[in-house]
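Presented below, as structure tokens, is a lone chain in the form predicted on its own.
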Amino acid sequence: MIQCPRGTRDFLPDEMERRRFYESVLRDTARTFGFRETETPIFEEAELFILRSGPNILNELYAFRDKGDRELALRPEMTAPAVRMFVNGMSNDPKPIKIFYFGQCFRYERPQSGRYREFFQFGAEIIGSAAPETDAEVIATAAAMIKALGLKEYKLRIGHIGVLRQKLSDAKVPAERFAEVLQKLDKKLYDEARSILASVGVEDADIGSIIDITETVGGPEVLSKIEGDAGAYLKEVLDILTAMGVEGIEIDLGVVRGLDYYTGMVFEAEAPVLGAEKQICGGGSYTLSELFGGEKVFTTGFAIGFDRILLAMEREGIPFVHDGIDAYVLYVSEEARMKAFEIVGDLRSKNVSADVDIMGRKMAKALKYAASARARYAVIIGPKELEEGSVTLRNMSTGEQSLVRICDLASAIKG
């Protein structure tokens, strides 16, 4: 038996219904905040991701050469394609530009709980401004999405990458080593970060000071410990969030987002129920457009790991009620067979979701199937009903039955 490839999944009807429902929750929330949906190709030129993340990203890509000998790759994330799309077709549009997207991404890495080689990402970007208002709007959008999904236990933490960058600069760390150090600090690999910093001549005291920064965590009171303009900037972001009713934000300068293009505010959301791999959302302010041939434009955005957040909801025991269909039509005599198809066609034309027995089952088995399809009603047609121009309408929850005229059937089911 051929199985689906490692790191991918089949989604059966019940799971697909659940996923589509929660996708729609995210889309509706994004539209409420004034974002508009976009879509980019599932594969791009591999160079797009190399420019964004460096040549080492090739080890994680599903990369290939097409018949024209072009090097392409399945997208490993959706930020770079979104910015490439902006440069190609939206750079002259009035700013700010607010977009969102949802789709599949691919990374060749070891599958584990909630992490797959084919995964799904929901993201949003505000393009055109580097301001506290923009950053607050993006964080508020992400917070509203997580809340709308129904997740109860989660934390939102914000920081400022500029603080660490300044510390590294003051310690005379070569600029080309910043990304490497930040990636280690992002993953809390402090021993490895110490080793790198020591190898470029940073004094022990300065190394300690750099690592101490990543452990600056708390409420608004810790902002006074942040040197330079970053503290004042984050205070303004927090003030705007408070005005919009977003609460429970934690200041955490250990939120590093170890990618070189982040320039200012960074934030993450985590769900403790997921254990060590608890991040469900991450973002911040950055510039990328100049790498892809456009003018330098500031952007703030975020991405939600859709698979991760669904797993967190599942572990919290958040129930999902499947819809089922409104009616299942069955006939108990051959002469009623064509009438059954006529009735199901009429119900569908009146926006009643309906199915019909196409297996010629006996009554008991047909009702059992109707229950498995989560039908609210069974519509039963026999010789007696056929004579009277009526059907027997059975409530599948209570078992109650009543005789209903065919012309009143749609309204009886809707009512």
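Small disclaimer: the values here were computed from a predicted structure and weren't measured. All residue numbers are counted from 1 along the displayed sequence.
Keep in mind that the form predicted in complex with a small molecule is missing from the display, and what follows is about it.
No member of the trio Arg157, Gly231 and Phe298 reaches the small molecule in the predicted bound form with any non-hydrogen atom inside 4.5 Å. Figure note: of the listed segments 213-221, 113-121, 197-205, 238-246, the one touching the small molecule in the predicted bound form, with heavy atoms no more than 4.5 Å away, is 113-121. In the predicted bound form, at least one heavy atom of Arg308 sits within 4.5 Å of a heavy atom of the small molecule. Of the heavy atoms in Ala312, none are within 4.5 Å of the small molecule in the predicted bound form. The shortest heavy atom separation between Gly264 and the small molecule in the predicted bound form exceeds 4.5 Å. Residue contact with the small molecule in the predicted bound form: Glu316 places no heavy atom within 4.5 Å of it.
This chain is displayed alone, yet in the predicted bound form one of Ser129, Thr79, Gln183, Ser289 has a heavy atom within 4.5 Å of the small molecule; that residue is Thr79. Checked against the small molecule in the predicted bound form, the residues Ile161, Ala136, Cys281, Val329 give one hit for a heavy atom within 4.5 Å, which is Cys281.
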